[in-house]
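This document opens with one chain alone, in structure tokens, the form predicted on its own.
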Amino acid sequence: MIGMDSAAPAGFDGAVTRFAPSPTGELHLGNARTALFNFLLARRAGGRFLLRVEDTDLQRSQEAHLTAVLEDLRWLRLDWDAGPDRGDDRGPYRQSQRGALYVRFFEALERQEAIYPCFCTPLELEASRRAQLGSGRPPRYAGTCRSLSEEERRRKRAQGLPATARFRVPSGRRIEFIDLVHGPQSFLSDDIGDFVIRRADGTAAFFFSNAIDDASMGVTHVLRGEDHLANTPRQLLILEALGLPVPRYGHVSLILGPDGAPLSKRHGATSVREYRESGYRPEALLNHLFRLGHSSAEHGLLDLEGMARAFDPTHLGRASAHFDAQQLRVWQKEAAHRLPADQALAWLAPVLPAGLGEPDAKAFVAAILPNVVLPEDALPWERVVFGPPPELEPDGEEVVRKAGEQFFAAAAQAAARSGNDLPAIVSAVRASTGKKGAELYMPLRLALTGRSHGPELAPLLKAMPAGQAQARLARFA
């Protein structure tokens, strides 16, 4: 666990937060940011960060999706204190294993007559919705089954009609709470309509299981997307009816693309997996997400401990955050160039030549790292260092021609004697020709690499196989 050395923001001491993904697809950037913010709040407050799997949608939930989500979270280093693989007395942390708990609370609501069976079919509900929209009214459940007599319910059950369970929303109520991001919120219960808390197959619906689990797991603070803001009054009603504790909610702005539209595939990669497989560093992605919808005085690249110290939920913005691929690339460049030698070697290992020994691999990585942002950027330099002699562009050929045969004869002889030592080669050419500055260095760079720009020449030469520099220089002698 990350240890904090500064006090938590007022009202957040010991915060227990959670990330509750549904294993129905990949971990997308918006959900990754939600996980990050909840993780940082718990770490800053000296509390706990929980991972709960909301897998009550049995048709869409897949174990492969959960495995992938866990892999992405571990890659981001967002470690949880309890979860599906790390139980405690608040678990289990898979909703599919919490059915007995939900049944007890369903029964408690039934005893209060706070819920009732609804036999309306999807077709009937859609027809009602269309009729309400057609008359200019907001769509909500019309209460068709709310007042059915017990005899009518028995008759419908005898006909084999499936029934959901709807929460009986009290009329004439104003539901209020203070959102951590958006401030005071107020909803009229008459605008909500009775909502489903148990599906026809007997499984708990989101409104119900999500609220029950937060309360029973001791969650004190919930940061989630603002698309859940309208869900909160429903969940407050459930918790109130059951006498359960209510967490403090904060609804974080959505992430948009540069054009202001919701982030989607047309903006490029949207899942953590895609960025991971492209070679992005986790610290680069985390630093960009940290600043999407959260203002901070810290402008440099932060590790997770630094982010936790700098995270303040009162600095979460209400305006939508815009994902900027170019800014992410800036963070990636800084993260890549800060890598220690062993981590840089492991990061670039997939693009290194097969069979390359560790000393040669380390020398190559050290030479090219300042010019690499993503692993794919190493491939052209792999060809330069280990491939055949590079072809020159016409402009480059002219520079090499003007340098002359004496220039390259001296350079090749020095390379043979010194073993790719650039200072020795430069000294020999200067002594032989009197050239200096660009007239000295540019012909050497072109003859050795075929390029006029790139990594520093000295470490690049050290990375070349023995005899390679001499052979390339001797071509023009």
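Note that residue numbering begins at 1 and tracks the sequence as displayed. Keep in mind that this is a model prediction, so the values were computed, not measured.
The next section is about a form of this same protein that is not shown, the form predicted in complex with a small molecule.
- Although the partner is absent here, F206 lies within 4.5 Å of the small molecule in the predicted complex, judged by heavy atoms.
- When the small molecule is considered in the predicted complex, R90 lies well away from it, no heavy atom lying within 4.5 Å.
- Contact check for P21: a non-hydrogen atom falls within 4.5 Å of the small molecule in the predicted complex.
- Mapping the unseen interface onto this chain, R224 counts among the residues with a heavy atom inside 4.5 Å of the small molecule in the predicted complex.
- Here the chain stands by itself, but in the predicted complex one stretch of 206-214, 144-152, 300-308, 169-177, 206-214, has heavy atoms within 4.5 Å of the small molecule.
- A heavy atom within 4.5 Å of the small molecule in the predicted complex is found for one listed residue only; from R199, R140, K156, H228, this is H228.
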